[in-house]
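The chain below stands alone, shown as structure tokens; this is the form predicted on its own.
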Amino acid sequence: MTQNPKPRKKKHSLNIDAPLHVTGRTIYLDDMPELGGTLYAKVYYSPYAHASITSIDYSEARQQPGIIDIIDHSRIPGENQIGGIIPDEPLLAVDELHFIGMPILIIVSTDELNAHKASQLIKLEVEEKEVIVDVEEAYRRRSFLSAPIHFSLGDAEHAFTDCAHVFEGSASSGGQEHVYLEPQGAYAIPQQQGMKIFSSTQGPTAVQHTVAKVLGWSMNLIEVDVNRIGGGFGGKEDQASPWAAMAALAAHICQRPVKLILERGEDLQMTGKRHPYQSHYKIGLDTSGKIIAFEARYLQNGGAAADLSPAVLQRTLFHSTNSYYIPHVRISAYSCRTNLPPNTAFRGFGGPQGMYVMEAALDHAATALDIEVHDIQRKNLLYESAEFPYGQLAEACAAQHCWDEAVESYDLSGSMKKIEDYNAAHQWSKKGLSLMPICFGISFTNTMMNQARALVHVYHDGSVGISTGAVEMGQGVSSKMIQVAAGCFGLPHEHIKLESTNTTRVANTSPSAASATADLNGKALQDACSQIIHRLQDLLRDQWSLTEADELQIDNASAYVAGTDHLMSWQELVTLAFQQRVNLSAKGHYATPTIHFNKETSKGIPFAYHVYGTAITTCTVDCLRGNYELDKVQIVHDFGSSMNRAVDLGQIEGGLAQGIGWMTMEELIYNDKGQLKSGNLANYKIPDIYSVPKEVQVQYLNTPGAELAINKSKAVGEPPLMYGIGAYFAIHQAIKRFNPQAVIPYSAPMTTEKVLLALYSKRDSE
């Protein structure tokens, strides 16, 4: 009898992009060959944070060599509007300027240098107006971008009266620059019908829709293509659209290809960042340390236009209680309008800002009660079926499992003893330790966006081409999509080709964001592959006269029936299907089931599942200089059934470093005129090899995974960033070991200057 092939072992280390990256062969937008006659666009933007335009003269600039055209708002054939959630942001300024960096004109030239020279000759006269950069000032003036959002659970107002201990305080967290490898940009090429745009975007459909609106065209005339982008982190979810729209507008007017790519300094000045928050909290505990009630008010600095701020604001409330169960909660969030560039999505999407406030409140309570904060943390961790403030119940809750595994595996008591011994022996150097549990919901909180499509072709030579709505930006989603298709068809990954992300092949895509990209697109891809597999199985059942009881397998590039001599190679099967006129193409669709959320009541089931984890962070502070080092971060993380451990580990390490940067060193500074003072990479500090932890250990929690995760492999894009919050509180602990009376405001980032001030501070009563 013919020996049937053995099932293939699951691979965990595929990364199709790694060889390209390490050999320098990766192609980004600016590496693409340019068509003859390509023009270059440069944006002339506002140098004022708030002003009325009284006159603008670009006649001299227009006469400079190489200048083809200078385009203002009056030349826009469609709508001068790029606002997504709220239509409050013009593509090009009309008569009002609302932030430094607001686009006014598009200069189109035969080369970039001449465009730059021409921009220096533009004469702009304005009447300056009052500038608001402070979020508290905006709140006092009721200057809001959208309606406030409120969540509640239980009866917080009355619950506080029964609390043995009540503490109130404030916490602030700063913004964060995305610093993606590849700046914003687009390349627009007029077609016989419509326009083709190569864009560095996380949201191809958002670009398509925005360009169509600006040009006054229907969406089917706009084709957006994305091969990969050099990092996004949320900064290219919504804010890639204006640059594509400007390039397309210039290409339409000039009827020639136009490339627009921002210089790094322009990108830093003109684009929005992670939202800074100023928050006030109130927390109540009983005598045993159980949290009874929690109140908070979050003030979000949204900048001059809404962008994605309302959605980010809502996500803050979703994660305001982090990994803890609190029976009585009342929280409110306000998106405040200021004269800064519109802030936008950033990895974590408002969740980190909410979690940080929760951890600050717990640290405040522990300090006041003179107990270890991790005792309060452990006592209040979520448990199965615990209710979140938004009404969803915790399912397959691994919060306590992760914590206990971390405490045992990394010998917390032993680590604390070593720290105690070290601190006793060192006068001018102190160590601190923190535990940071996380709970992060996976799905777009706008239910409509939780859908995806995929297109699959099996060619009659047996090779496979797949297209999805997923954008590769360094997170490894391309490798996972190839794994999904290879697993469905039982083929080596070399047989699978992943096409670029293209709005003509796969329409109506949600952006690659919310940590949901692999889940949504992978499930849609599975659907498409399954349709083809079922057709092939039906063909074989007819060919071999099989019954339903026969176990027909397609795996290891073969089709076979267990226990029989029925065996056919994949190539033979596909050839037979082609000869029999079986459809070897399929379009898959997936919409996450069960999820829903009522924005009126702020209740529902917004998330497909939650990701849990715990990090133990140890640091050493130089008490003479205020410098600090992160000794190690030890993590137990809920990956589910990880389908690609190498990719997932990379996401843990990258997210952790980015979170540490936000919490410790990345400081955005604006003056009272709205000018970004940390506007280049010489004075905006991001983590380097010397500032990341000396040691990072990651343990994969042993869980079955989630059914709504692709192959039960849980999302891993955003959750690890929140582990970086632990670095902030480890430094806090080290400062307290040096100066128990230290006054340490909850103000992130915890820069070395703040550390030095705190080390030698003292309470007013002292």
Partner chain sequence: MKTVTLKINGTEHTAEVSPRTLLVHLIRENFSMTGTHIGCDTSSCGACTILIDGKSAKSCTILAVQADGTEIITVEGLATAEGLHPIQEGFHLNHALHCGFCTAGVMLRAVELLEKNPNPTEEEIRWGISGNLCRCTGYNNIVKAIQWASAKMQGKELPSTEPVFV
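Given the structure is predicted, the values throughout are model-derived calculations rather than measurements. Numbering follows the first chain given and starts at 1.
Below, we turn to the form predicted together with the partner chain, even though it does not appear here.
The shortest heavy atom separation between L181 and the partner chain in the predicted complex is within 4.5 Å. Proximity of Y28 to the partner chain in the predicted complex: non-hydrogen atoms within 4.5 Å are present. Remark: V698 counts among the residues lining the partner chain in the predicted complex, judged by a heavy atom distance of 4.5 Å or less. The partner chain is not shown here, but in the predicted complex it comes within 4.5 Å of a heavy atom of N15. Taking the partner from elsewhere, no residue among F144, I149 and Y356 has a non-hydrogen atom within 4.5 angstroms of the partner chain in the predicted complex. This chain lacks the partner; the member of G465, G490, G289, G654 within 4.5 angstroms of the partner chain in the predicted complex by a non-hydrogen atom is G654. M473 is the sole member of M473, I197, A516, L362 with a non-hydrogen atom within 4.5 Å of the partner chain in the predicted complex. Checking 259-267, 280-288, 204-212, 89-97 against the partner chain in the predicted complex, the stretch whose residues place heavy atoms within 4.5 Å of it is 259-267. Shown without its partner, the chain has A18, P19, H21, V22, T23, G24, Y28, D30, D31 in segment 17-54 as residues with a non-hydrogen atom within 4.5 angstroms of the partner chain in the predicted complex.
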